[in-house]
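Single chain ahead, by itself, as structure tokens, in the form predicted alone.
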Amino acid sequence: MISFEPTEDQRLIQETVGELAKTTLAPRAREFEAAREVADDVQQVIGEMGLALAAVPEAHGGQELGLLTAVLINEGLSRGDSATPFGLHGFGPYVWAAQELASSDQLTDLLTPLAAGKPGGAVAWSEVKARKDRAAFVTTASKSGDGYTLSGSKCFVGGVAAADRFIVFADVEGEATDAPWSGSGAFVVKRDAPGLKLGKRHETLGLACADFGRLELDGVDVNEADRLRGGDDFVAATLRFFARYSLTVAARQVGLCKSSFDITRDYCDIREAFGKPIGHFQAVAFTLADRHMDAESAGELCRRAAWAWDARKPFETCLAYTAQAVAHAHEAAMRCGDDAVQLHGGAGFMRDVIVEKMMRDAKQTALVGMTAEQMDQVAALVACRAKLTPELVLPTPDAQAILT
């Protein structure tokens, strides 16, 4: 019998993260939003706890606790503040991209600074322009001597301000074949590399404590050792990176679902109309029940998918479970956020009440990594027993997925 109940170690981590979320993150959510960053003292505390490296192998400075533990951590942090995980050092896609794409020696070099308490890096995938001939990047990597020269523009790159290096995806000239996404490559570019320019920070709907910006690459030279090849199959490694990272994002949506439900249920218990709490009216009670089911089912789907990855189930199984979990979590978070505002009435859209922030955060989080629409498509393909191909799964660069 399969059980997704946490182990004793995972339960202890949940309790520790839950206490931090309740006593520190929730009371300071508006502070972080106004400052547009997570305070240094909180960054330090979470860094010392080693939460960002929970799923990283011990050989590379991590705790080797698995994806399920990472999912539980992200859910717990988000229950305190749905935006905070996006503003924390080491909680972005960089760790997951590095694990899937880098060699063992490269991985040690990429993760050592993060294990030492430094901010780490960021991932540059999305682009403003689109190619019409094939699924590929407009940003190019041209062979130059013993390395490559990168040219192009990237947008919606999360963690730009703090990152000390970037994993930049580009189309490698001369390597494309008829296979989908062939010719794609990933390169490590250091922040101080000549020709690299950081653009202005984007103004966003939600997730205000996370920074999103652009990268301009004007003839940036990198060495062959800076190319991340993803083992024997770069496209498959990229698929695994997106799937695993998107699952941690879905877990944050689960935390948002549960937090918004708790807040709204408590409000419906004290807000009275016609002589009784509004939660005692059938229409309100049914809405609360539906949102509770959303939160619980989204959490279970995320845990099942994480368990499959940790148990090394076949890739198709892991991807199918992940697709169902991510799609449902994003859609559930939007319903929970929207109904939380609705049930608070006029107070719901006032900045004095946190649920309006949750609704904005839920919408923007739904654009991070793989979206609900993409994962719905993957789930549908699996259900219809259709072949899963990279061009139907990976987000095209011009889809402008947020990576933070």
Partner chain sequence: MLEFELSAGQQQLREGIRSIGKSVIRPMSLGWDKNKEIPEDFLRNFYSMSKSLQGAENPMADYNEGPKEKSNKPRSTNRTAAVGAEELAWADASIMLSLPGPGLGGPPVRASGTPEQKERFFSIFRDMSDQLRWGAYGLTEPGAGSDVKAIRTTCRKDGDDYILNGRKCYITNGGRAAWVVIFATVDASQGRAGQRAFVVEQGTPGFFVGKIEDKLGLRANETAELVLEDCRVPAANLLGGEEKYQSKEGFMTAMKTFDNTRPLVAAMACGIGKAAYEYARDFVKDNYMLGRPIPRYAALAERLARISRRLEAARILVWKAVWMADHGKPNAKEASMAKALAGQAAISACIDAIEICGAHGTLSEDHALLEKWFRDIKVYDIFEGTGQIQRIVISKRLMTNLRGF
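Residue numbers count along the first chain shown, from 1. We call the rigid core whatever largest set of C-alpha positions still superposes within 1.5 Å between the two forms. These numbers were taken from a predicted model, which means no experiment stands behind them.
Quick note: we don't show the form predicted together with its partner chain, though the next part is all about it.
Review point. Exactly one of Arg134, Lys118, Arg304, Arg229 has a non-hydrogen atom within 4.5 Å of its partner chain in the predicted bound form; which residue is it?
Key: If I apply the 4.5 Å criterion carefully, the residue I get is Arg304.
Practice item. Answer with one of Asp164, Asp109, Glu296, Asp221: the residue that has a non-hydrogen atom within 4.5 Å of its partner chain in the predicted bound form. Key: None of the other options qualify; the answer is Glu296.
Review point. In the predicted bound form, does Leu288 have a heavy atom within 4.5 Å of its partner chain?
Key: Contact with its partner chain, yes.
Point to revise | its partner chain contact at Leu68 in the predicted bound form, heavy atom, 4.5 Å | key: Within the cut-off, so yes.
Review point. Might Phe261 be said to contact its partner chain in the predicted bound form, defining contact as any heavy atom within 4.5 Å?
Key: Judged by the heavy-atom cut-off of 4.5 Å, Phe261 is in contact with its partner chain in the predicted bound form.
Review point. Taking heavy atoms only, is Phe315 within 4.5 angstroms of its partner chain in the predicted bound form?
Key: Heavy-atom contact with its partner chain at 4.5 Å: absent for Phe315.
Practice item. Report whether all of Thr16, Arg360 and Ala362 sit within 4.5 Å of its partner chain in the predicted bound form, measuring from non-hydrogen atoms. Key: Negative, none of the three is within 4.5 Å.
Review point. In the predicted bound form, which of the stretches 200-208, 98-106, 137-145, 320-328 has residues with heavy atoms within 4.5 Å of its partner chain?
Key: Answer to the contact question: 320-328.
Check your understanding: Taking its partner chain in the predicted bound form, which residues along 253-283 bring a heavy atom to within 4.5 Å of it?
Key -> Heavy-atom contacts to its partner chain in the predicted bound form: Phe261, Arg265, Cys268, Asp269, Gly279, His280, Phe281, Gln282.
Exercise for review: Indicate whether Ala386 shows a C-alpha shift of 2 Å or more between the shown form and the other one, with the rigid core used for the fit.
Suggested key: Ala386 C-alpha, core-superposed: shift of 2 Å or more.
Point to revise | Rigid core superposed: Ala135 CA moves 2 Å or more between the shown form and the other one | key: Yes, the C-alpha position differs by at least 2 Å between the shown form and the other one.
Exercise for review: Just say closer or farther for the C-alpha distance from Pro180 to Asp310 in the predicted bound form, relative to the shown form; it changes by 3 Å or more.
Suggested key: Compared with the shown chain, Pro180-Asp310 is farther in the predicted bound form.
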